[in-house]
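Okay, so we've got a single protein chain in two different forms coming up as structure tokens, structure 1 first and structure 2 after it.
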Structure 1
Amino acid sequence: MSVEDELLEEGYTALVEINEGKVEEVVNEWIEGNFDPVKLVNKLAEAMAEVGKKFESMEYFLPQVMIGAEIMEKANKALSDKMAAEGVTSVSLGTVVLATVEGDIHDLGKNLVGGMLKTAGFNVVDLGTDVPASKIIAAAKENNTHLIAASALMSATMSSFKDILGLLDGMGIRDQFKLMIGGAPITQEYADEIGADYYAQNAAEAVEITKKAMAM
């Protein structure tokens, strides 16, 4: 096996095992060896897909997904810097602005969606919880993305989705943004009723929808 192939395998295994130090080591050796950064980025993305599968089968839990996503982000950053130096464009599949709506402090589902999106190769701007509609829209504009993902866990905070849509309408920019919503009390019927563009029942679905929305 070539040094390049060995490093790819080591990087893959280290990330699947959530071994932060080892992934960092592999990335450094990769850069020092002057290998093609895209190859390692793709291999690490495969590893994160495996982490996602382990999460779905309950072999792994949320912390492993979140730490894995952090490791992946760091590796991507180092490899992107290398690519930028070589004149290759970023490997990010696009940016998603993510938030729990105003009045709601539940962040577990949102964090999972953020982690899974990062593992799938998206850049995620996570605004946190209890975020007003105006701040969400401002962040989407600032980050040049057309996809906003928002969650609500309470019936009493669901109406904040309407605030986002209403504000986009009022600003005359509704057609420039897509809104994906989710959370325990949310249904497809509700999403249709308020005019949200997408409803994701779970984090895996959110990733699939994001891929489609970004391709548009």
Structure 2
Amino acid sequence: MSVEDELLEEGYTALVEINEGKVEEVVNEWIEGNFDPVKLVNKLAEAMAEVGKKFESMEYFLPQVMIGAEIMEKANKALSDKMAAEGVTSVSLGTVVLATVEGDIHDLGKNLVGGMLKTAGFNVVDLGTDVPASKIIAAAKENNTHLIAASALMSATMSSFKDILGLLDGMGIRDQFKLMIGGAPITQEYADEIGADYYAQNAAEAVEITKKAMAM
């Protein structure tokens, strides 16, 4: 096995095992070896997808996934700097507008989804928490995306999803946008009831749905 292949496997294994020190070591050796940064970014993205699967199967818990996303973000930054220095521009798979709905200040799940989407190669416009429907729609239009991802952690703020859909209907542009919703009190039944396009139970599922939605 070549040094390049060994580093790829070591990086993959280290991230799946949430070993920050080892991932950093691999990234540094990769840069020093002047290997193609894109190859390691793609390999680490595969590892992060595996972390998501482990979370989905309840082998890993939320803190492990969040730490994994942070490790991935640091690695991405170091490798992106390397690519920028070489004049290489990474290609985004698409843009997603992400927000926690109005009246809700919880951002744990939103941040996790945002981190996973970035890791998967999407450009994420994170509007933060307590975001009015009008601001979310305006951001989607400004960023020329058809996918809005919104979360709510409290049952008292779930109705804000209806505000987004109602405003889209009122503006006559409902058919131009897809709404993906998620959060602790949300279910597929609720998403169907209000007419949301997608329901994501967790961050890994949000990434898979986004891939499908962007392909449409």
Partner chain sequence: MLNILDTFNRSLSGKVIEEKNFDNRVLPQKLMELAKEYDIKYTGEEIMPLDMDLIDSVYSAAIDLLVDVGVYNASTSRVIEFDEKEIKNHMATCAGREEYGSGNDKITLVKRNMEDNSRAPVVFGGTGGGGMSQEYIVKHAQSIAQEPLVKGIHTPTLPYLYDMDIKAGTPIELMAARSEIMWTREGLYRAGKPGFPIIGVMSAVSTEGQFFADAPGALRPEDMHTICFMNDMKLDWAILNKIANTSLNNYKPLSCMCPILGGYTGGPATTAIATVAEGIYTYLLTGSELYVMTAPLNMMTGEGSSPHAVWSTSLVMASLARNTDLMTSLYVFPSAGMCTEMFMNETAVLAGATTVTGASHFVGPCGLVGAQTDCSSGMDGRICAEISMAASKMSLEDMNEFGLELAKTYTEAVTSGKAPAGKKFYECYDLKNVRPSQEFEDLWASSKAKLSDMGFDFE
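So that the term is clear: the rigid core is the largest set of C-alpha atoms that superpose within 1.5 Å between two forms. Counting starts at 1 and follows the sequence of structure 1. Treat the numbers as computed from the prediction; the structure is a model and nothing was measured.
Pick out the form predicted on its own: structure 1 or structure 2.
Here the form predicted on its own corresponds to structure 2.
Once the core is aligned, does V125 move its Cα by at least 2 Å between structures 1 and 2?
For V125, whose C-alpha is compared between structures 1 and 2 after core superposition, the shift is less than 2 Å.
Would you say I173 moves its Cα by 2 Å or more between structures 1 and 2, aligning on the core?
Where the cores coincide, I173 shows only a C-alpha shift between structures 1 and 2 that is less than 2 Å.
Spell out whether the Cα of Y12 moves at least 2 Å between structures 1 and 2 when the two forms are superposed on their rigid core.
Indeed, Y12 is displaced by 2 Å or more.
Can you give me the Cα shift for G68 between structures 1 and 2? Core-superposed, in angstrom, one decimal please.
Its alpha carbon moves by 7.3 Å.
What's the distance in angstrom the Cα of N42 travels between structures 1 and 2, core superposed?
Looking at the C-alpha of N42 between structures 1 and 2, the offset is 3.8 Å.
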